[in-house]
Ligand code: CP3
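A single chain, nothing else alongside it, follows as structure tokens in the form predicted on its own.
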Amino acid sequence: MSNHKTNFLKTCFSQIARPTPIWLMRQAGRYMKEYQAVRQKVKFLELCHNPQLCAEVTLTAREKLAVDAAIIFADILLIINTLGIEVVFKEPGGPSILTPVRNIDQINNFKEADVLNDLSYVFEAIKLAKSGLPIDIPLIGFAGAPFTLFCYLVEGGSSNNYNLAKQLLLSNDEFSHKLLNLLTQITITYLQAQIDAGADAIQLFDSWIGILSYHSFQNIVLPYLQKIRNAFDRNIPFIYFGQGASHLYPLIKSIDATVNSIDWRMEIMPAWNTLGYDKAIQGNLDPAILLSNYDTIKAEVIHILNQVNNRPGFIFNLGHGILPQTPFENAKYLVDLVHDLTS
């Protein structure tokens, strides 16, 4: 465990920390020439399965940006390999699951998940990255949330609207609960193993939760998120990120995450007010701002910092992952600016 006195960890628990901590979702990625150099040698999945390279890209991004936390390089879909399901990453293009899961027989025929062995390369990468980080920089582990994994499994990859996933969720209770329950169990095991390997905090990415209505989220999905949350020691920061989910914030509050990570679709103070000022908040610069120029970036950063007004418990981040076409200099300028303005 890294020192609880680090700015990032103090802020997770709503303690006063200066300067404001900042890290960026997808900070190790395609916008960095160092990452592109690694990727010229290996395909995406080869990189994910190589602990040394995963640790390297994790550490390089942290060091080059001078952010206040590292996040392990991995992919949220690696976990479904533990069920015997193959994921293919097309280049270019997103992930593809060659046999989508759409009936109960398929679930019954999943292989018995052995998370600790099947994903041992992730835990090894965490150990290596942790050993390479400065003592005052924590390492974040992560997983995809059950409903987001459910969407990928049913659709067979990304989708514009996830209508097939919603249709099954809302019309086939037996299928939905069996799959969500299984995904919940393996996610708990996976995140705990990341903590055991040295992760100082964990983030749950719920990329597609925003497609659900208030009622569907409340009745079907929320109990699984609460179950995951309740599986972990309250001394480990637990960050929940629901994309496009501002209509669900009154319910997301009941997950009782240590930190609520929010996107750019809602101003930060109304979001914080709904989610509860007793919890830390992370966000919420629109990643597209980093495609602009220093003046625009500065104006947006000042806008966010003025709203927050030095309230403890604010972690600066983007409202989603950094875009691949982002100039590295703009990302670095953002990090330096936040530190300069809040120190």
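The first residue of the sequence shown is number 1, and the count goes up from there. The structure displayed is predicted, hence computed values, not measured ones.
Keep in mind the form predicted together with the named molecule is missing from the figure; the text below concerns it.
This chain is displayed without the named molecule, yet in the model of the complex the stretch 90-98 from 247-255, 90-98, 174-182, 220-228 comes within 4.5 Å of it by heavy atoms. No residue in the set F8, K10 and P134 has a non-hydrogen atom no more than 4.5 Å from the named molecule in the model of the complex. Put simply, A28 is close to the named molecule in the model of the complex: some heavy atom of it is within 4.5 Å. Among heavy atoms of S207, some come within 4.5 Å of the named molecule in the model of the complex.
Residue contact check for R39: one or more of its heavy atoms lie within 4.5 Å of the named molecule in the model of the complex. Residue contact with the named molecule in the model of the complex: W272 places no heavy atom within 4.5 Å of it. Contact with the named molecule in the model of the complex, defined as a heavy atom within 4.5 Å, holds for exactly one of I72, L128, I186, V154, namely I72. Interface residue among L77, I268, I239, I211, judged by heavy atoms within 4.5 Å of the named molecule in the model of the complex: L77. The partner is not shown here, and in the model of the complex the stretch 249-287 never reaches within 4.5 angstroms of the named molecule through any heavy atom.
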